[in-house]
Structures are given as C-alpha cells and as structure tokens.
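First, one chain by itself: the form predicted on its own, in structure tokens.
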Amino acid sequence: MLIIGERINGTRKNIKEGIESRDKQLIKKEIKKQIESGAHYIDLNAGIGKGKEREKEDIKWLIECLYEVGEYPVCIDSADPDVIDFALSFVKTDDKMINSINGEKEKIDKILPIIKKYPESKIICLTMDENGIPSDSKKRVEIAERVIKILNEAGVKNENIFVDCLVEPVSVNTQNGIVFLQALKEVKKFGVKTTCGLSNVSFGLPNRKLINKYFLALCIYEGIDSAIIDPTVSDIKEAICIAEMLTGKDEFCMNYIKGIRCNIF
C-alpha cells in the first residue's frame, strides 16, 4: 500500500505554530519520523487561514524543509489551485502528487491547466462537486467517472489517478463507512487507483486509533491502493500488514513474519 504521510498539515496545532515561528527543526523532525515509519509521500499542507500569499510563502518554506531532510516524493495539498501551481515549481522530484481535483466545474477549469503542465504527476480526485459530498455512493461514483474521463483527456494515465471517495465520520451517520466502501468498490472497476483520508471516519469518537485500524482493514479488503495516514502509529502499520496478508497481497506471509521478528508492531 502506498502511504501518504499526513502529519505536516497547517490544521494541526503544533504544525501551525511551527510554520508561524519558522521552526525548521520541528518540521524536519516530523518529516523524518514519517519517512522512517514507511511513508512513500509526504503531504504538505500550509493552510493556516492567513490568505493565499501567506500560504504560498509557507508551502515554499515547507518544501525547503523537506529537501533539507532529503529529496523525497511530495504531495502538494491545497484547496487553492494557484498555491498548487506555485508550489509545484519548487518540487525537484519527477515523482510528485497533486492534492486535489474534484467535480466542481470552477475547480476543474482552474486546476486542469496545471495538471497538463505535469501530466506524469499523480492526481488525487475527490468525489464531490458544487453540491458538496453526495450522501450516496452512486453519485460519488458518477463524479469519479466524469473526472477520470477529463483527466484522461488531459493526458493523465489511470495508474496516476487516485480517487478519494471521501470518508465521513460515522459519529455523524453510522452509514458513512458503508457508503464509502460501496463507492470504493465501484470506482476500482474503472482501473484507477484509490486513496482516502482515513482518520475522518473516527472524528468525534473516543479511541480513534482503534476505529481507524479496523476501518483500514476493511478498505484493504475492498482493494484500496493508498491512504493519507499517520504512518508513525504502530496500530496502522499492524493493520496494513495483517490485512494485506489475509487478502493475498503478502506472498508467503513474509512481510508479516518480518514485522513480528523486527518488533515493528
């Protein structure tokens, strides 16, 4: 499974404070922890609510912090296409990810020219549109199909499209987990990759790590290819390893055996 490390996000209190105070050591420590824990991409989100120009300055600084640790693949995460375009100009590696596009016409019109400049990038596609996140899986699948077609026409290969069917909290509606899994199962039929912001499922509930672990196992059963997660949580690594073994993705159970021998979980 492809792991996108979620810890460098301006919505997290310590990261926001680190960005504002330009605490390089804090940011670099967070990056190192995720890389050492198996993250394949480091998600960088500099949104601290102080406007576009400040977000541009901050995302550039975060990229600089990343490259002081090493030239690791990065996922540029912003709701503003202008910020994404600006940030990508500082990314050194060919292997990069854009987070994100969705079914909103205005968003598509703004970000599609950027995607065309980097057609080999991996693209996260959110199954929402002008009306927000659909409550049913059928509508989410319809949005995914439409955006996949647009991306294909722009030169993006299916293998580089990561559809996020949008996990919502089960504390709000106990059917939210089922709706996501149903949409995930159908989207897989389009031949694209899939991902999710896993921890959303447990928002508002106690012992969130426990819920996240079991939901990730269900997602792996349905064939999810990636997740935006905190890779430093041992329960998450345990869930990935065991679920992949039980679903036939760990030949001769070698990853599980290695994990036990090395006390990874």
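Numbers follow the displayed sequence, beginning with 1. What you see is a predicted model; the values in this text were computed from it and never measured.
Only in words, not in the display: the form predicted together with a small molecule, which the text now covers.
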query: 4.5 Å heavy atom contact, I228 to the small molecule in the model of the complex; finding: yes
query: Partner contact for S21 in the model of the complex: the small molecule, 4.5 angstroms, heavy atom; finding: no
query: Distance check, R12 to the small molecule in the model of the complex, heavy atom within 4.5 Å; finding: yes
query: Contact label in the model of the complex: N99 to the small molecule, heavy atom within 4.5 Å; finding: yes
query: Among 102-110, 86-94, 121-129, 144-152, the region lying within 4.5 Å of the small molecule in the model of the complex by heavy atom distance; finding: 121-129
